[in-house]
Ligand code: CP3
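Here we start with a single chain on its own, the form predicted on its own, put down as structure tokens.
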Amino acid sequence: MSSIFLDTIKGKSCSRPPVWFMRQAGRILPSYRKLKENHHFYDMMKDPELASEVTLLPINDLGVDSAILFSDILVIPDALGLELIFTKNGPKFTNALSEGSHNQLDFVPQKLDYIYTNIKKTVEKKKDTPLIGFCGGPLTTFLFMFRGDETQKSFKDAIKFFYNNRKESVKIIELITEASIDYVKNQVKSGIECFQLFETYCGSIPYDLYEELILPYSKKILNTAKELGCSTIFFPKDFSLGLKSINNEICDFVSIDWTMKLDDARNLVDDKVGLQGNMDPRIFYYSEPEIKNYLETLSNFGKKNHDWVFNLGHGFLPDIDYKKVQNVVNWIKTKNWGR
């Protein structure tokens, strides 16, 4: 399949940057909220018809250039034996990890079969729209596995365990990586055309420690997709100066969070790796003229850098006006980028 998104990811120069958004399949869309009136989040994930419908909603509602699978990063711990539930305050595990409990983990690949069914159903429906698959990064997944109370948003128990029990932590991260590799292989076989690794809590530890201890595992997961001919995007949020260690042996594109200017990121990252991001989602709270002024500041970057995908520096906030998002997508598509 040829598309502006896949062509850009594969290194081709296009007339404009492609655009999609993290957390686009839900949250801000009225069509998604209507579905949620009658369906629980987890039930929608488990239903191939509903999961594929939600995955494709942003194509029609926002006009984006790619779909991302409607799923969750916590399906890997679920498949490793932790009982995942989604409450009104967020996800938690009824048997979350604690000191000495990691031996209970046992990967059951069949627990992920419903997701491959969802992918195949989406592929049937999506026509010419590329589909992005994903999973959580090894550190982010590790941190969530210690959450037994959804009201506790910090990861202090997991971080304490990580520093106190380095050897055991690495064993857990190895298990996460092995399960994630199996998951990625099956996502690609089921029909995804690009894979993104979400290391949302990369900044929970110093960047040099992440680089030394965790990045090799992230690379293994990403390389699994690359070896199967699937393009890759890595999102190490708050990686800071660690971006200097990102090269094309790790990923094709790296997603930049909103704490860093794109020009600074471009100077840090290997020039063989493309960039994605990094609009601060809170900019959608601006007035329309202010949003347009912000977009205009990106013109020079977009003109010079053809290896750039327009996206957010993190996911949508729930109360963002989706009409402002539609206008941003339209601006990107109609702007003369001078390429």
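We number the residues from 1 along the sequence you see. This one's a predicted model, so the numbers in the text were calculated from it and none came from an experiment.
One more form of this protein exists, namely the form predicted together with the ligand; it is left out here, but the text below deals with it.
Student: Name the single residue among L69, V309, L62, V273 that comes within 4.5 Å of the ligand in the predicted bound form, judging by heavy atoms.
Tutor: That would be L69.
Student: Exactly one of L209, L105, M260, I73 has a non-hydrogen atom within 4.5 Å of the ligand in the predicted bound form; which residue is it?
Tutor: That would be I73.
Student: For the three residues Y32, F144 and H314, which mark the spot I'm curious about, does each lie within 4.5 Å of the ligand in the predicted bound form through at least one heavy atom?
Tutor: Contact check passed for all of Y32, F144 and H314.
Student: I'd like to know if Y116 sits close to the ligand in the predicted bound form, meaning any non-hydrogen atom pair within 4.5 angstroms.
Tutor: Result no; Y116 lies far from the ligand in the predicted bound form.
Student: Could you confirm whether G90 comes within 4.5 Å of the ligand in the predicted bound form, counting heavy atoms only?
Tutor: Yes, G90 is a contact residue.
Student: With heavy atoms only and a cut-off of 4.5 Å, decide whether V19 touches the ligand in the predicted bound form.
Tutor: Answer no; every heavy atom of V19 is more than 4.5 Å from the ligand in the predicted bound form.
Student: Closest heavy atom of F162 to the ligand in the predicted bound form, within 4.5 Å or not?
Tutor: It does not: once the ligand is placed as it appears in the predicted bound form, F162 has no heavy atom within 4.5 Å of it.
Student: Which of 260-268, 164-172, 116-124, 194-202 has heavy atoms within 4.5 Å of the ligand in the predicted bound form?
Tutor: Selected stretch: 194-202.
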